[in-house]
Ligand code: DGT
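Before any questions on how it binds or moves, here is one chain, the form predicted alone, in structure tokens.
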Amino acid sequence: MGRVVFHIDFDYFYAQCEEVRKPELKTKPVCVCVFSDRGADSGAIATANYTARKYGVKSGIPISFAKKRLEQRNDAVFLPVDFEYYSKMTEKAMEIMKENADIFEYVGRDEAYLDVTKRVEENYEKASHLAQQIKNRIRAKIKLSCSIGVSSNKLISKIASDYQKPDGLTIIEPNKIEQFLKPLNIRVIPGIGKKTEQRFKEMNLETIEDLKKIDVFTLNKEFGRKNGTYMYNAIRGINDDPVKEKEESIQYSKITTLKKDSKDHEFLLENLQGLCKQVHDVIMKNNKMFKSIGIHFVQSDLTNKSKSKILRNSTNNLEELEKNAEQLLLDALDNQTMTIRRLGVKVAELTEIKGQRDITNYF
């Protein structure tokens, strides 16, 4: 109860970065796109600004769908992603956050957690002033707006940061958590997706207040012990996860849009091996070893499917990566009915290589 935790989340980050670069975009619907190598409008929306969102454009939808929804807006802008530029903006923003945190946890390009308990002496009025100062400094230095949630734990702070977007600041003191959560839709709980929400609707449960009527045993029976217990605690605002120093990426991944939607093993394997080589290049460049391997599908209906495995020992061996990725592919294709649009490979559980790498590298 004594902790004070910030969750800082940038509003429509990629699109907002583009607006900073070209201020004339601010009045227009702006869509930042991941174009595929199929040409024309093939690809998906990475981020859309709020003007575009009013027309139903959101992250993940095909570019062709977005253009159809914005056809009445002749001023709509569709830009390719520029990750190098966004990363530079992120670095500047994160520096400001780090300077104002007791403990800083990097989550991704557009979000982070800050433990500021000592800095604000567990005082929420001081926390409110500090959060506003961070917002002001980020706006003054890099012209970006962000939303900040402030509470006694990471879970509530994350929900709070989304509560008054864009450019929001929401403070939830410990004695106000129950009151804050009560009327909110179940979907605001991180980890509760469309399928879980639909199942709750079938049970006539829509708000967090509704869900509190269900005991932990029913939740465990319906969703499994781990998920059921998490939900039971989450809707009561219970979360003990510490803010951890974590600035470096915990995984490396590569994903590609296939030249055609397919579920053919040979075609997918050929693409998978190319991705493995790309990921391996990054591993070697960064002097890392990995212990976890995963593959990822985006299917033709844009739903996701993934498989992963943990190795017995850490390695940086390309053949080991390819062999395990191929086995995961075979497992994933078992009973696969839908064709696959995008394919990805990732490695995680990374460790630094120290001393002699292995006998192959030695020779």
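Note that the coordinates shown come from a computational prediction; the quantities given were computed from them, not determined experimentally. The first residue of the shown sequence is 1; numbering continues from there.
Unshown form predicted in complex with the named molecule; subsequent notes refer to it.
Visitor: Within 4.5 Å of the named molecule in the predicted complex, heavy atoms considered, which of E197, D115, D110, D210?
Guide: Checked against the cut-off, the match is D110.
Visitor: Identify which of K307, K28, K67, R53 has a heavy atom within 4.5 Å of the named molecule in the predicted complex; exactly one of them does.
Guide: Looking at K307, K28, K67, R53 one by one, just R53 meets the 4.5 Å heavy-atom criterion.
Visitor: Go through 57-65, 294-302, 315-323, 328-336 and give me the stretch that gets within 4.5 Å of the named molecule in the predicted complex, heavy atoms only.
Guide: Single hit among the candidates: 57-65.
Visitor: Does any part of H265 reach within 4.5 Å of the named molecule in the predicted complex? Heavy atoms only, please.
Guide: Output for H265 is no: heavy atoms all beyond 4.5 Å of the named molecule.
Visitor: In the predicted complex, is there a heavy atom of the named molecule that lies within 4.5 Å of any heavy atom of E18, even though the partner is absent here?
Guide: Looking in the predicted complex, residue contacts with the named molecule do not include E18, since no heavy atom lies within 4.5 Å.
Visitor: Applying a 4.5 Å heavy atom distance criterion, does L311 contact the named molecule in the predicted complex?
Guide: Looking in the predicted complex, residue contacts with the named molecule do not include L311, since no heavy atom lies within 4.5 Å.
Visitor: Can you tell me whether K260 touches the named molecule? I mean in the predicted complex, with a 4.5 angstroms heavy atom cut-off.
Guide: No, no contact at 4.5 Å.
Visitor: Out of 7-33, which residues reach within 4.5 Å of the named molecule in the predicted complex, heavy atoms considered?
Guide: Residues within 4.5 Å: D9, F10, D11, Y12, F13, Y14.
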